[in-house]
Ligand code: NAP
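Let's start with one chain on its own, the form predicted alone, as structure tokens.
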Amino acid sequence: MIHRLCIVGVGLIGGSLARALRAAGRVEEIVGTSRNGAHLQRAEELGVIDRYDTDIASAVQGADLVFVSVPLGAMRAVFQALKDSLADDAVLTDAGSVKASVVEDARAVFGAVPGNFVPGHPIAGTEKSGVEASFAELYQDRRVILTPVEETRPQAVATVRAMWEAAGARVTEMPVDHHDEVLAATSHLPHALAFTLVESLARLSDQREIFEYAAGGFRDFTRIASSDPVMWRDICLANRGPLLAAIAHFTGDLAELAELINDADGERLLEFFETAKRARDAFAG
């Protein structure tokens, strides 16, 4: 049971966690905090949080668990704001999509990674944002990756694991660097490609006609380009090393595809597509 949960950033991710824990009966009080009082007021009106405070230092006081769900570019400032108000026995965790940068921010602010800090990343979300888009089932049967470092206390990891499992998630652990490499390929690259395709087509002279006749495939592939641009700017910059490696690998494969089409090599082109289809069908299954 979490007696007081403080959520820094009550949007889709933080709001859905609040709803899930409340539905599971695993939290007594939820306090929300951010710089936007109007957003926090809306979260309170929706019953997602019990009360709010725009001052982070005040909001985290008395909390036994603090969940930080803000863009990566704001993570260090949040750590700085809560550093002196966090209870000694409180557990701190986050939802950042890039773990190396978050761990670096924690070290910069606290001097060392606190033993009660558990870096984490829920592999869940939609292209929508804001507390209005939050729902209790977001994490049901979805993966959450925890990336504890050497300083992280096992009891803190157990607390965060229990929180996510109460929300319906399947929790795994992996090293920080491995997490960032995997997510660069499976999440960050697809978002970068979706944004790039839409931006590229939008610059064509007949863009109105192109989008007018775009079919379901275009809509499906580019759905994630409706995601929060600020969040994805921060992710690309924070994970630029692994992401650039993933882009380089993909660029090579795209060049191979262009060569097959240019050579009218139907046999190898079919093999290329069949290999991709088998992999996608296995994943979907």
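In case it trips you up, residue 1 is the first one in the sequence shown, and so on. Quick caveat, the model's predicted, so the values are computed rather than measured.
Beyond the structure shown, there is the form predicted in complex with the ligand, which is absent from this document and is the topic of what follows.
Residue-level contacts in the model of the complex: of 260, 231, 65, 246, one residue has a heavy atom within 4.5 Å of the ligand, and it is 231. In summary, among the residues 125, 148, 114, 168, the only one with a non-hydrogen atom within 4.5 Å of the ligand in the model of the complex is 125. From the list 57-65, 237-245, 22-30, 36-44, the contact stretch for the ligand in the model of the complex under a 4.5 Å heavy atom rule is 36-44. Contact check for residue 70: a heavy atom falls within 4.5 Å of the ligand in the model of the complex. The ligand is not drawn, but in the model of the complex it has a heavy atom within 4.5 Å of residue 129.
Under a 4.5 angstroms non-hydrogen atom cutoff, the ligand in the model of the complex lacks residue 119 among its neighbouring residues. When the ligand is considered in the model of the complex, residue 17 lies well away from it, no heavy atom lying within 4.5 Å. Along 68-97, these residues reach a heavy atom to within 4.5 Å of the ligand in the model of the complex: 69, 70, 71, 72, 74, 75, 78, 95, 96, 97.
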